[in-house]
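Presented below, as C-alpha cells, is a lone chain in the form predicted alone.
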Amino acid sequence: MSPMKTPPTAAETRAALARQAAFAAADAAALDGLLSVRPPEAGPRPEPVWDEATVVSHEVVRERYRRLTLSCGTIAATALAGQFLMITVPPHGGERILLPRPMAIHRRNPLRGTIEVIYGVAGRGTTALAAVTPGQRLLVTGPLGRGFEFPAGTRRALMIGRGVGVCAVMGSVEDAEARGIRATLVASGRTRGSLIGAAECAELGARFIPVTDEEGSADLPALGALLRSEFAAGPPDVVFVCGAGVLTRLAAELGAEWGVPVQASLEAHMACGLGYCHGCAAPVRTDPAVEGPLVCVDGPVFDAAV
C-alpha cells in the first residue's frame, strides 16, 4: 500500500497560487506587442452548425488528459486546421453548467464522420464533461474561428505546442501530410508521460520532438538552441504555435531570424464562440477608441512578429 500524501498547508497552497499567478502574468506579458490580425482569408470559412453529436468514445490519454471522440459528419467534413468547437456540458451531480466550453479540434476524420478533442480536467465544466459516456449526445457548435493557413509554396513547416496546445496545431499536421509538406511537431510539457502527439505524428509521417520541464529541454534557451540546430541547414517555411505566451514569443523570434511567418493560436475563456458576447478580447494593440479584435472570430489564429 502506498503511503498517504500529506495535504498541503495553507501557506503552501497560497505559495502555489502565487506562483501560478506570477507565471500567468509573465505569460500574458510575453504577448505584448507581438500579435496582429491576419490578412483577409483566401476563401470563405465553413458555416458553423449546431449539432447533437453522439459520443463515440471517451478515454483517458497520457497522464492527465481525456480524448473525446464525437460523431458529427458536417463538422468533420468542413473543419479547417486550427478551428474549434463550443461544447455544451450536460448537468452533473445536480449542478447545471451554464456556459459551453471552447475546445480545439484535435483530429478530423471525414470518412468516419468523427472529430476528436483532448482536454484536461481542471474545473466544474471539464469535471462534468469527464462524466460523459459513449452513446450520450452533446450539443456542439462549430467549426468556429479562423484557423492556420499554409503560405503558398510551403514545403516544410514547424508546429510547436505546449500541453493541450498541441491539439490546436495537430490539424495542420494532418493537412501537411495530405499536401506533401514535411512537418515537424515540437510537443512541450511537464513530463514525458504528459506529452500528446507522438502516436499521431507516427501515423501521419511527421517528425516528433518531445521537450519537457523535468529534463530541462522545454526551457526556452534550450528549446531555442535545439530548433536552431534542427533547422541549421535551412529554416521551415512557416511556424505554427499554441499553448504559452513565452513559447509564442520564442517562435516569433525564430521567425524573425529565419525570415518566415509565424501564426499563433490563442486560448481564451468565451461564452458564445460566435462574437456575440464580445467577452474574449485578443491581446492585440488597437486604437483605444475602437473595439479590438476577438479571439473567437478574428482568431484564434493571429500573426505573431517581433
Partner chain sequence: MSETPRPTTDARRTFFAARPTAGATVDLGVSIGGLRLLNPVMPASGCFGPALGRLIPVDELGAVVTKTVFGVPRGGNPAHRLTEIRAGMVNSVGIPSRGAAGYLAELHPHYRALGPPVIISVGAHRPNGYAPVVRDLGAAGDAYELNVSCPNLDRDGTDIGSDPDAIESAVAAVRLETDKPIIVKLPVLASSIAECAQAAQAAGADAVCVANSIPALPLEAYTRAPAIGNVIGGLSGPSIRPIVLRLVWLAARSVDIPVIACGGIETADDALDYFSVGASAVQVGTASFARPFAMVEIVRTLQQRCTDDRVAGIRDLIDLWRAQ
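All of these numbers come straight from a predicted model, not from anything done at the bench. Positions refer to the first chain, counted from 1.
Only in words, not in the display: the form predicted together with its partner chain, which the text now covers.
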In the model of the complex, the one of Ala81, Ile209, Ile181, Ile97 near its partner chain [non-hydrogen atom within 4.5 angstroms]: Ile97
Sole residue of Pro90, Pro134, Gly73, Gly224 within 4.5 Å of its partner chain in the model of the complex, by heavy atom: Gly73
Partner contact for His278 in the model of the complex: its partner chain, 4.5 angstroms, heavy atom: yes
Non-hydrogen atom contact Glu47 with its partner chain in the model of the complex at 4.5 angstroms: yes
Ala251: touches its partner chain in the model of the complex, heavy atom cutoff 4.5 angstroms: no
is_contact(Arg228, its partner chain) in the model of the complex, heavy atom dist at most 4.5 Å: no
Contact segment among 194-202, 152-160, 109-117, 212-220, judged by heavy atoms lying within 4.5 Å of its partner chain in the model of the complex: 109-117
Its partner chain in the model of the complex - contacting residues of 141-172, heavy atom within 4.5 Å: Thr141
